[in-house]
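So this first bit is one chain, no partners, the form predicted on its own, shown in structure tokens.
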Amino acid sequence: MERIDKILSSQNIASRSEVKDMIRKKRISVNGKIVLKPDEKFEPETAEICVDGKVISFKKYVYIMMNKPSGVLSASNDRYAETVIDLLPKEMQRRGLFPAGRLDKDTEGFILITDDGELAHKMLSPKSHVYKLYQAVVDKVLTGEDVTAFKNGIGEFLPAEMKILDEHTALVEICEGKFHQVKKMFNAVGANVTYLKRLRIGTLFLDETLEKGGFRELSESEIRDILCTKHGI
């Protein structure tokens, strides 16, 4: 059971102070009855909550796939730079949203935005073996020796799978998410990454219909796919 003002504020309907004013004006009803106090408690997942006669669809958590563009920070907020949260419309910027895992400012592709900390922890923990797939373009000719080096593990990083697409382009799959990991692994074999894009998390690929900066909510089956450990390129 949760307070009605907390429920509505969690859904980005209104702030708690605004909810109080709405209650005073008798704009909120639950299960057909007008709410009289902001501290009245209800079961948010089963109660029919209405604002101005319109039923509110309660979501405990949200899960948003975004095709992150280059130049945008993987952060919830920043005083000086645009973040992935800033790209969302105001009605979707509910309290507690954060990017689950980082992509460097100049890296593009699939980033998950959510307010579900438990799922994010499972997705990011190396122990969960949730693999992430990247496409990288580098400034040297890639060889079978580079593939072997990645397979054996480089320095502090666990073994990773690499598949060469052409002389300067490769797919790389990792189950960690350490700072600048893919770039550092290529640096270790004498290559600088000039372009990097995340294509997949778990078994869920980035929606190809999403333009840079585009986003959409995930379905329940897609959320499960994010935590799948199946991998391979």
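Numbering starts at 1 and runs along the sequence shown. All values derive from a computational prediction rather than experimental measurement.
Omitted from view is the form predicted in complex with a small molecule, to which the following refers.
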item: Distance check, residue 47 to the small molecule in the predicted complex, heavy atom within 4.5 Å; value: no
item: Contact label in the predicted complex: residue 66 to the small molecule, heavy atom within 4.5 Å; value: no
item: Contact flag, residue 201 vs the small molecule in the predicted complex, heavy atom cut 4.5 Å; value: no
item: The small molecule contact in the predicted complex: residue 110, any heavy atom under 4.5 Å; value: no
item: One residue of 103, 84, 133, 162 in contact with the small molecule, assessed in the predicted complex (non-hydrogen atom, 4.5 angstroms); value: 103
item: Residue (of 168, 27, 180, 41) lying close to the small molecule in the predicted complex, criterion heavy atoms within 4.5 Å; value: 180
item: Segment assignment from 27 to 35, 56 to 64, 204 to 212, 181 to 189: heavy atom within 4.5 Å of the small molecule in the predicted complex; value: 181 to 189
